[in-house]
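Coming up is one lone chain in structure tokens, specifically the form predicted alone.
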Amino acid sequence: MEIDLECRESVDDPAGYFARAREAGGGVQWSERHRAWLLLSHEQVEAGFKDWERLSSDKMDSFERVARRRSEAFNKVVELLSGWMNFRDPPVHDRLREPVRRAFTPRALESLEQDVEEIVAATLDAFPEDGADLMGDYARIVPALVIAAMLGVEPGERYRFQRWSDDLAHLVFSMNPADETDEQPILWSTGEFTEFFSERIEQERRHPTGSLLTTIVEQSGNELSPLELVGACTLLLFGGHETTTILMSNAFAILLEQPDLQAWLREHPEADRSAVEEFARVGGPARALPRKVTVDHERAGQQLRKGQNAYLCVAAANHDPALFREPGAIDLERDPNPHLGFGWGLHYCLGGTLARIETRIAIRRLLERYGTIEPAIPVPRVRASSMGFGRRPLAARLSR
């Protein structure tokens, strides 16, 4: 069986598609379609997350090779991305992560619930009377405003950093950065990011605001260079809204498509936390995450060679019947639910707790405010790549 992570069947029926793939070839298989090894079982994907020494997430060598063939200005992009912890392995990863980890504690994030509540309420208040696009008017706005508030950024600035993020996404989510030929938007966004946060960091040093940015600046001390600190901030701004937007919008799409789940969740508000975990299992932001083989080694009976590409197939792992009963069904009370939607081990998402809080509150307040939430137009099919997926628009008719 030739596996294609972008085919309709893998998107529409991940439980069935990946079950047949594992049955045919096991938990680790070579894909000619992707020219990469695919880790398909929960056991192998979890192990892959932990095995950073042999399956590297460091993309800086790739970016630097691209930069050598590009303009001098493109090197500034690479310098900025050098501060993104998710593109680095230890010990650099640990040095970049530690100041953010100290600031991004679950306790600190839990204390932000009231801020999230206020942002959600204000966003709902701005809805048109007869309906809204639950993607563009809600899922895209709430996470952006929350992370902006956490970093002490004015709400009106969210439109700017969303444009910057969109430009950078074409590069940072590419398995082959050399394929990105139009560098002008990337150069522009990098310059804007760098100027914006350099100014914000200097302001925090002189006049601390008490925001998350204050804590990161104070905790970094001399551990990070000025550009690494800017890079860490841009990563938070980028990842803090983009990934939560995808999770939230996928959850809304499911509730629009399956009114029985929506009705059940209305009747069981106490299940909102387990519901969010299930939405993260079946609709989390990542379908697969790229890695580079750094050492020849055997994995599940297959021989991986240095320099080859690999994918940690989160969508396959999250539908593995070895861990999940009836993996193709959506069970809003699923327990246990050891999904890998927020990564694992060294690269576990620091913002996972915040994403859970935002998604839970956004769903709960939407259901409380509107007695009827139904599609205004057919819910669009999932648009997927090998690494991610989502749906837009999500036009809904709303009535109290």
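Start at 1 with the first residue shown and count on from there. Because the structure is a prediction, the values reported are computed rather than measured.
Separately, the form predicted in complex with protoporphyrin IX containing FE (HEM) exists; it is not shown, and the next lines address it.
ask   = Among 72-80, 296-304, 282-290, 264-272, which stretch sits within 4.5 Å of protoporphyrin IX containing FE (HEM) in the model of the complex, heavy atoms only?
value = Within 4.5 Å of the partner lies stretch 282-290.
Interface membership of residue 332, protoporphyrin IX containing FE (HEM) in the model of the complex, 4.5 Å heavy atom rule = Although protoporphyrin IX containing FE (HEM) is absent here, residue 332 would stay clear of it in the model of the complex, with no heavy atoms inside 4.5 Å.
query = Quick one: is residue 86 in contact with protoporphyrin IX containing FE (HEM) in the model of the complex, heavy atoms, 4.5 Å cut-off?
reply = Residue 86: contacts protoporphyrin IX containing FE (HEM) in the model of the complex.
Exercise: residue 244 in contact with protoporphyrin IX containing FE (HEM) in the model of the complex, heavy atom 4.5 Å = It does: once protoporphyrin IX containing FE (HEM) is placed as it appears in the model of the complex, residue 244 has a heavy atom within 4.5 Å of it.
query = How about residue 347: is it within 4.5 Å of protoporphyrin IX containing FE (HEM) in the model of the complex, going by heavy atoms?
reply = Looking in the model of the complex, residue contacts with protoporphyrin IX containing FE (HEM) include residue 347, since a heavy atom lies within 4.5 Å.
task = Report the residue, out of 138, 104, 161, 324, that has at least one non-hydrogen atom within 4.5 angstroms of protoporphyrin IX containing FE (HEM) in the model of the complex.
result = Of the listed residues, the single hit is 104.
task = Would you kindly say which of 216, 168, 310, 236 lies with a heavy atom within 4.5 Å of protoporphyrin IX containing FE (HEM) in the model of the complex?
result = Looking at 216, 168, 310, 236 one by one, just 236 meets the 4.5 Å heavy-atom criterion.
query = Is protoporphyrin IX containing FE (HEM) in the model of the complex near all of 49, 150 and 341, within 4.5 Å of a heavy atom of each?
reply = Verified in the model of the complex; spot residues all in contact, yes.
request  = Go through 91-110 residue by residue and record those having a heavy atom within 4.5 Å of protoporphyrin IX containing FE (HEM) in the model of the complex; state none if no residue qualifies.
outcome  = The stretch 91-110, when checked against protoporphyrin IX containing FE (HEM) in the model of the complex, contributes 93, 97, 104 at the 4.5 Å heavy-atom cut-off.
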